[in-house]
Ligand SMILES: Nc1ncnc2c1ncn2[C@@H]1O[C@H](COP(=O)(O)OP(=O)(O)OP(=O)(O)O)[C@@H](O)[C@H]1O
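Just the one chain here, the form predicted alone, laid out as structure tokens.
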């Protein structure tokens, strides 16, 4: 009769289909229990947004049944714990992964993708924050249908110090901060770099974000200095570049990619937005392949997306009735798994032995 230890060892050798390493190497196995001829395997995923879990289940069942003929049935149970570098500790930010969403030019749907990514990851079971760093053109409050002004509240630190923190606006559990909450609808922001740097720093350091799995940051369009500020304040999990399929947009997207490379922000990949008859299809995917970057998915040019954004109902894009829901979920899953890949397959630093 097969023992639980023997079956566990077999499971540990199964290769994860997304990351390409064994489940044992990735520390994803959490135990095996055998009752009669049925084995129950517990697997811990590195994110609730893990795509196509059935592939792991099928691989585990095949591996166990082929090596242990006395096991007739295999159940695979999943749990998920988001892994991350927690690189915001120096400024008091408790976010496992910070994701910047940028574009080389305006008008390509960057804010739509950023807001959708935040709501999508939340819908998949993650703790998420959304920071609108597009100080000159903050559109997130309108898109998510929120006009509440963030409150300031005094909190006591672990050291007993009383400090004032900004309480982000909560939209069904999604924590949001934006310059748009502090401006009148027709008010323009006319700032030089130092004031911009200070605002971004405040949003990160002085906002009571709590514990987050992902903090999504909607950047201003183009290649301004907000990305430099972010790279100086904390280590980002990576950047998502949004563009449309036509060549003129791709030229600007390449500039954004170059900017992220220069400020040492990892590239998670490219999203093609507004795919369809008007702007064409496949340009961003071809450019991603040319540059050796992941292609995170395409979002169709759909009037329903524009209508929901204009009406402040971006969250409703993840309702079962929305025809673009699957495309949006796919993008969320691909972003999350790219972060997991970069984290889990990165070479471990050698330990220094003190003699």
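Computed from a predicted model, the values in this text were never measured in an experiment. Residue numbers count along the first chain shown, from 1.
The same protein also exists as the form predicted in complex with the named molecule; that form is not shown, yet it is the one meant from here on.
Remark: all three candidate residues (107, 302 and 306) come within 4.5 Å of the named molecule in the predicted complex, counting heavy atoms only.
The named molecule in the predicted complex comes within 4.5 Å of a heavy atom belonging to residue 112. Residue contact check for residue 273: one or more of its heavy atoms lie within 4.5 Å of the named molecule in the predicted complex. Residue contact check for residue 253: none of its heavy atoms lie within 4.5 Å of the named molecule in the predicted complex. Taking non-hydrogen atoms only, residue 221 approaches the named molecule to within 4.5 angstroms in the predicted complex.
Proximity to the named molecule in the predicted complex, defined as a heavy atom within 4.5 Å, holds among 95, 143, 237, 230 only for 143.
With the named molecule left out of view, the stretch that reaches within 4.5 Å of it through heavy atoms in the predicted complex is, among 62-70, 25-33, 43-51, 293-301, 293-301.
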